[in-house]
Structure formats: C-alpha cells, structure tokens
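Shown here is one chain on its own, the form predicted alone, set out as structure tokens.
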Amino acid sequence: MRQFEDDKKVIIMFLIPAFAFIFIFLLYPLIRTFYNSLFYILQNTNPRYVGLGNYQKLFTDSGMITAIWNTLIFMIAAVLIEVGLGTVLAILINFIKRGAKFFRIVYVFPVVVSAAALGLLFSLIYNYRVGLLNTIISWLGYNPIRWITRDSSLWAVIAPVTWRYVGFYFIIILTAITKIPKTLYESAEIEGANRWQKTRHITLPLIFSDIRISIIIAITGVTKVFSMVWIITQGGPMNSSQVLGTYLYSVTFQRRLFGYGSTIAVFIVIFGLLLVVLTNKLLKSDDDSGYGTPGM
C-alpha cells in the first residue's frame, strides 16, 4: 500500500508540469479569448461590454459568411483531393515492385517544404506579367490571363494547398496498407481474385479507420489554413478567397478589432469541434478493428 502511494505521488509530480503547460498555453488563452469576445475592443484600448453582440454580428457580416462558405468548399476539396488522391496513389504504389521508393519521395516532397515558400512560389507562377503560366501562354502565341480574379481566386489557392498535402495522407494510407498481412492477399489469389477485387474486399475495408482519421484531420486542418492563402491572395480580391484563418487575421491585426477577432477565434474552435463530431458520426463503422493505425 505504501509503495502504491509513493508511485501515485511520483505520477502526480510528472503530470503537474504537463497540466500546467496545457492550462497556461491552451486553456487560459481560450478562456481569455472568450472573455474578450464579449467586448468591443478597438486598437486594444477602452473595451466596451457588448455581450453577445459580436456573435450576432458573425451571421450578418458578409466577409465572415464568405469565409465560412469558402472554408466549406475548401473542406470538400481537401477530402476529395488530399485524402482521395492520396489513397489512390498509395494503393497504386503498393502494386509497384520497382521504383516505389522514388515515387514515395516525390509525393512527400511538397509536405517538407514550408508553406510560406510554396505560397511565394505559386504567387510568382500566377503573376500576370512575369509568371510561369503566362510566360508559357505567351510562347504559344496567346494573350496573358489574369489568374487571380474574383471568380477564380478561391480555386487558385485550393490547388496548391491541396496538392501540398496529398503526400501527407499518401504516407498515412500507405503505412496502413503495409500493415495488412500478406497472407490475406495470397489467400485471395488462390481463390482467383484480381487486383481490383483484392483492393475492394481486403485493402479498403482494413484501412477504413485510417481513411476516416485522415478525413477528420483534413477537415479540421482546413480551419487552420492561412500562410499559403495569405501570401498568394491575402483573401482577395474583394474577400473572394477569404477563409476563416485569413479573415481572422484581417479583422484582428489589420482592422484592429480585437473583440470581434476573438469572437471569430471562438467560432473557429466550436466550428472545428462540431465538424469532428459530425464527421466521426457519419463515418462511424460497426467494425473498426482494421490492421491500420492512425498515422498521427
């Protein structure tokens, strides 16, 4: 009994720094942000209590509504392109016996490059005067095109952001596939199953839990998208490419509306949690005992 009490004290001693870290850098800022969201704070001076006024403004603010819709479109694209294409590539690479390592490096390379560097790269690619795309078009004898417009700006930022993370989910799914026992495929071959049948009846069911985790990570990750969008378009033109992250930055650090910015931050947290719960519920499987494990 004495040994148990001593072990309990040691465990508590190790847990205290962790809980202190979580409280100081996570819980307290969240509580403080919610507190600030109840005030009208301009230039971080003379706060005026407005209660839920900032929250009511969220749903009448055209910029915020645009950011929400763009974020939802971004999420659909992230699931279809990042997770979908990553899964397809992982399955195809699993069939390749020669050159698989080369393709793994190629697909993962964009993930290790900083978002700021890729954002700058694509801003130069889209540049009207000296951009790569318009240079190629000029060589072909056509007039330059404005790639960043009110109608195209959202897709202009979706393309590089989703392309960057395909390799991330490719690695997660490929790792899950490699954990599937080879004996299952060998038994299927004996029964006369082709590659498509093995993929449909063995691979996909056994990596479903990993695909579900990847979808959740992709959806919640969109709420944190900022760097590449801001560098390429800064949320413009006319808020056409605003997402929640860029609009939060614009309101808080450009317009200096700290109270309203705190409200947007609280909304992003709640929005992200609701999406996780909803996605997990929609994709819940009766049997999640697959051989794959989440890659995070």
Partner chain sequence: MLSSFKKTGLILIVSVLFLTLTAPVSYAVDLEVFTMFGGADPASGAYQDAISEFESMYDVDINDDSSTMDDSVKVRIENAFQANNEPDLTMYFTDEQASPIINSNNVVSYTEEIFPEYPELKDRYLEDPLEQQCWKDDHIYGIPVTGFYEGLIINEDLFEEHDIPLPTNWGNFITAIERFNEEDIVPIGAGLGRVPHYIIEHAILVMAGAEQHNAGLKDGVPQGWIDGLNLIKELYEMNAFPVDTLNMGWEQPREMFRRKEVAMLPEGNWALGALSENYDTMTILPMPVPPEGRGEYGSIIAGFTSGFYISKDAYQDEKKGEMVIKLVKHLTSKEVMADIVEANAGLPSVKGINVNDLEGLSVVEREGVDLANLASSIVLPTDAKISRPAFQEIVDGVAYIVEGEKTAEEVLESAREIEMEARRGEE
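Positions refer to the first chain, counted from 1. If you're wondering where the values come from, they're calculated on a predicted model, not measured in any experiment.
There is another form of the same protein, the form predicted in complex with its partner chain; it is not shown, and what comes next is about it.
- Relative to its partner chain in the predicted bound form, residues 51, 59 and 68 are all farther than 4.5 Å at every heavy atom.
- Taking the partner from elsewhere, residue 139 is found to have every heavy atom lying beyond 4.5 Å of its partner chain in the predicted bound form.
- In the predicted bound form, at least one heavy atom of residue 257 sits within 4.5 Å of its partner chain.
- Proximity of residue 38 to its partner chain in the predicted bound form: non-hydrogen atoms within 4.5 Å are absent; the residue sits far from the partner.
- Contact annotation: residue 249 falls within 4.5 Å of its partner chain in the predicted bound form, judged by heavy atom distances.
- For the options 201, 182, 101, 146, the one in contact with its partner chain in the predicted bound form, meaning a heavy atom within 4.5 Å, is 146.
- This chain lacks the partner; the member of 127, 152, 94, 220 within 4.5 angstroms of its partner chain in the predicted bound form by a non-hydrogen atom is 127.
- Comment: 127 to 135 is the region of 76 to 84, 127 to 135, 184 to 192, 204 to 212 lying near its partner chain in the predicted bound form, near meaning a non-hydrogen atom within 4.5 Å.
- Looking at 43 to 62, the residues that come within 4.5 Å of its partner chain in the predicted bound form, counting any heavy atom, are 43, 44, 45, 46, 48.
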